[in-house]
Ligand code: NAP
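Only one chain is included here, represented as structure tokens and corresponding to the form predicted on its own.
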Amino acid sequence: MSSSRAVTLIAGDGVGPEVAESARKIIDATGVKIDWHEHEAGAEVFKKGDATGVPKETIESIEKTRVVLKGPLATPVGFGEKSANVTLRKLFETYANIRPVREMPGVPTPYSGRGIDLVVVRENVEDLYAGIEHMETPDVAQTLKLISRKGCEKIVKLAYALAEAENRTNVACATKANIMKMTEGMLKRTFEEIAPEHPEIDSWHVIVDNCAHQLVKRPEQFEMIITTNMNGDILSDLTSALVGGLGFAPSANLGTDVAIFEAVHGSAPKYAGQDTINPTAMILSAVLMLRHIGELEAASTVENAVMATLAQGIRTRDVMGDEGSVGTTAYTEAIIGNLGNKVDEWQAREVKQVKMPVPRKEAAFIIPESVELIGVDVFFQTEEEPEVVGLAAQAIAEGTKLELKMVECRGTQVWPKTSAELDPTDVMRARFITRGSVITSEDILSLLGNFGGRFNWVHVEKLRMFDGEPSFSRAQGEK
């Protein structure tokens, strides 16, 4: 580039400053002109009383540069609020977490020689990680698993854009749609709608637990895996272990306007300042950053230099143990000395710059022609026996437009009684449906007025039909 490119640099906590400095030195040694804007986030910010862990100055810098290279951040126990890492991802809607793994020369693993080369594309802002939790009672907790059509469409389209940029021909979508047919099923359905737009790519669906099984059994069959947030968090740590561990695991958090590149590993405070940490994950995250900003040649140069260094047997303590290992600084200098070198058994993948898809602006993608309100689920607190609860709930519905259909506990029908043996908790759900006439929200409020006089209800969910299809699942045993 003829002019410098501004990048926000967040060194991070613990070993963060060491690995960040390693990556910066190597990038500067390539000759790429980066104008580093240094800012802070994480533990030290929490200690200053900022409950977000991300100060205003850092946010303003990212808004200007739109690109971040970030070391690991700690979320201290006992003070501070949510993870500063998650805060950054959500503030800038970096909706895709990209985790590539590839077998590396000089890093022995049980899978050496298998040719592992895959990338996990993880949805990054929805799912259980939205962090919407409630204690329904002191004994029963709930988390809301939120999956949107918009979120699914964005992650699937980005995955295909990445596959095309990296010349990948095999894309799998891993979900738990066999159990969570509406949430995980949303990603499966969206994937299957978009996949035909890319006939040159072999697109297939796999149940996520089988995906984990297959990754251990035959990982070389995968080139790319698209999955939801929590599944992706778990699977991507698994894939990192296949090629040497988190010390070799880079990542990119990509959004429409902002990209954040970071090592996957934590801040490891007990190793801070000892010049022993493995900076490879941070260096390879910087490689992803260089590709993002269009510095493709420099990215390949750095990547080849890392592999040449590893192939020479120059490795840090996490790979070698104390005997024969080098420190962070010496490892960094060796990579700089290898800039321009390659190894025969490894070659940087020929890639193009990813063309970020432009997401649709509308909030709702599917507008049903008909919506019918047919009932309500009422979750409530009780320690009474299911037969007593069922009779009481029937009485509550008398005189209203709704009738009791069933009562369940933890997803299994307990009234009318089935053959299921249940060890109940103190939260149950009563499902009321219309007696046949059209009902309104006011009819539900009338029912809840009766309900509150008998049970302590904790939340409700409307039961609706969208274009004649139910918007809700059945309980186990419900007919």
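Keep in mind that what you see is a predicted model, and the values were worked out from it rather than measured. The first residue of the shown sequence is 1; numbering continues from there.
Note that the form predicted together with the ligand isn't included here; everything after this is about it.
When the ligand is considered in the predicted bound form, residue 232 lies well away from it, no heavy atom lying within 4.5 Å. At least one heavy atom of residue 264 is located within 4.5 Å of the ligand in the predicted bound form. Under a 4.5 angstroms non-hydrogen atom cutoff, the ligand in the predicted bound form lacks residue 207 among its neighbouring residues. Of the heavy atoms in residue 289, none are within 4.5 Å of the ligand in the predicted bound form.
Although the partner is absent from the chain shown here, none of 111, 304 and 309 has a heavy atom within 4.5 Å of the ligand in the predicted bound form. This chain is displayed without the ligand, yet in the predicted bound form the stretch 240-248 from 221-229, 342-350, 240-248, 157-165 comes within 4.5 Å of it by heavy atoms. For the residues 298, 186, 74, 409, the 4.5 Å heavy atom test against the ligand in the predicted bound form is passed only by 74. For the options 176, 315, 89, 102, the residue carrying a heavy atom within 4.5 angstroms of the ligand in the predicted bound form is 89.
Heavy atoms closer than or equal to 4.5 Å to the ligand in the predicted bound form belong, across 441-475, to no residue whatsoever.
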